[in-house]
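Here's a solo chain for you in structure tokens, the form predicted on its own.
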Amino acid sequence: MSMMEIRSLTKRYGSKTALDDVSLKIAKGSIYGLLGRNGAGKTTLVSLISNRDFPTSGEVLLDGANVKENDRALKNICCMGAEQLLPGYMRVKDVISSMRYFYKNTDAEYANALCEKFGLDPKKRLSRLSTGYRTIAKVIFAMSSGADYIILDEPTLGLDANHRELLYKLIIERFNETEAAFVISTHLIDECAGLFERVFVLREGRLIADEDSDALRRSAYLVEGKTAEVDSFIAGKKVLTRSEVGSFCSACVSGGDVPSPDALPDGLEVSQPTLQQLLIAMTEEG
């Protein structure tokens, strides 16, 4: 099976370390979530994978070949980012027709079908598109590229609820058709959680989690109730985050099985966190 391997990837900008010794693997046939707060290093990682920037140290390998300035390898990787890299005067249809020069497996028919589904006029110039439709256009280009590795960095930027739902449906359909590896970086975590088979979590440039999505959620639990009772219950446990409002307290506890209701003191409630709640707890500053 085709595999992308990221080995000890580090990127420094002067005295700032944007990415710090990150290693992970991405295989075809899976959908991944790339998660973290703003400034965690997600966009830097995407830029290094796509060769838009070069690492200070470490390497990105695709089936054993370094992707650095490797056109053959890079034709199998398509990254959609927030920045606009194409000239604004180009029309959507012109981009679609020229993509085959960069990605030989580009499916122009599929791209035009997506334009119709999203209500995007292919005759429009990129500079004339709204924020949402600029995002849609870039998503269409990536998903129709025919690349084995499709990386979507904030693919819901500016999209309304209907278009987001359509996007999630199309990602699943395209994945089932092609088994391309999808890596999705987003802040709308709970909306996308059902897509992710595995998640990577970055914090301050470091990889702090590389786990099966469901297993990661099961690795922690929320306990809520009166402050004194919660504090007594969580004493000696690994607490990821704790907050209180008045006499009410909520804590996210890592490790161990979720306690049964019978094992809880009266007045306490326990639940499984959503992926978004867990991410907040794992990346909480201070």
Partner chain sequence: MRGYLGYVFRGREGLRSYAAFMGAALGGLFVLHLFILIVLVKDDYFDHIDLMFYEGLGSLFAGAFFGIVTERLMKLSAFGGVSRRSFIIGTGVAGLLFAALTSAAIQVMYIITELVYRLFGMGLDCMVMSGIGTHRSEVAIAPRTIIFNAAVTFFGIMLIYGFSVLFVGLRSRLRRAAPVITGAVVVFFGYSYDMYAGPLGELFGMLEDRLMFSEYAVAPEIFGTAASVNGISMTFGDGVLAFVVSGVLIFAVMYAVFALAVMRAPLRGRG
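Positions refer to the first chain, counted from 1. Just so we're clear, the structure is a prediction, and the values are computed from it rather than from any experiment.
Below: the form predicted in complex with its partner chain, not depicted.
- The chain is drawn here without its partner chain; in the predicted complex, the stretch among 25 to 33, 246 to 254, 233 to 241, 50 to 58 whose residues come within 4.5 Å of it by any heavy atom is 50 to 58.
- Though its partner chain is absent from this view, in the predicted complex it lies within 4.5 Å of a heavy atom of just one residue from Gln84, Asn162, Ser130, Asn105, which is Gln84.
- Just one of Phe182, Phe196, Phe141, Phe200 comes within 4.5 Å of its partner chain in the predicted complex, counting any heavy atom, and that one is Phe141.
- Contact check for Leu74: a non-hydrogen atom falls within 4.5 Å of its partner chain in the predicted complex.
- At least one heavy atom of Glu69 is located within 4.5 Å of its partner chain in the predicted complex.
- In the predicted complex, its partner chain lies farther than 4.5 Å from every heavy atom of Ala113.
- The closest heavy atom approach of Ile208 to its partner chain in the predicted complex falls outside 4.5 Å.
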